[in-house]
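Below you will find one chain, with nothing else, as structure tokens; this is the form predicted on its own, and questions on how it binds or moves follow later.
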């Protein structure tokens, strides 16, 4: 799967807005993830997972920063996220399905922050982009 030129343009044009609210978007996406899919909490036994906690804020910021790396390397997402893929597969051993769950929570969060920008085409582009990111992050599991 690859992004079309129009989809890349959509991702890149929305990224400036998203990155300006990275902390809030990352934190809220994780809050949604843990509320909607409580089984994902098992990977964070050392975190305070209450809404607004410093741990959620810190990790949410890292999640959005990693997406930023993927956006900046939109033509080489696999290269940009290779170390992160290895970390999650070999060290943390995160269940690959969790990347899809987080992607969904990120979509909802971005849509709630930017309803006017989150058109059907933008939704499609971001869904496809996040699917590519999820696929890259699960490559090492195969």
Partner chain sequence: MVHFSPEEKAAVTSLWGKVNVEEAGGEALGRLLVVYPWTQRFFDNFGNLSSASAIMGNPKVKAHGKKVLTSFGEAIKNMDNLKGTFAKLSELHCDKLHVDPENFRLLGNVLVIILASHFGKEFTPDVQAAWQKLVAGVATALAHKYH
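Being a predicted model, the structure only gives us computed values, none of them experimental. Residue numbers count along the first chain shown, from 1.
The same protein also has a form predicted in complex with the partner chain, omitted here; what follows describes it.
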**Asked** For the chain seen here without its partner, which of 40-48, 105-113, 58-66, 77-85 has a heavy atom within 4.5 Å of the partner chain in the predicted complex?
**Response** 105-113
**Item:** Contact label in the predicted complex: residue 16 to the partner chain, heavy atom within 4.5 Å
**Value:** no
**Message:** I'd like to check something about residue 20: if you look in the predicted complex, is any of its heavy atoms closer than or equal to 4.5 Å to a heavy atom of the partner chain?
**Reply:** no
**Request:** Please run the contact check for residue 9 against the partner chain in the predicted complex: heavy atoms, 4.5 angstroms, yes or no?
**Result:** no
**Message:** How about residue 36 - does it come within 4.5 Å of the partner chain in the predicted complex, if we only consider non-hydrogen atoms?
**Reply:** yes
**Complete:** Restricting to 115-129, the residues within 4.5 Å of the partner chain in the predicted complex through any heavy atom are 115, 118, 119, 120, 121, 123, 124, 127
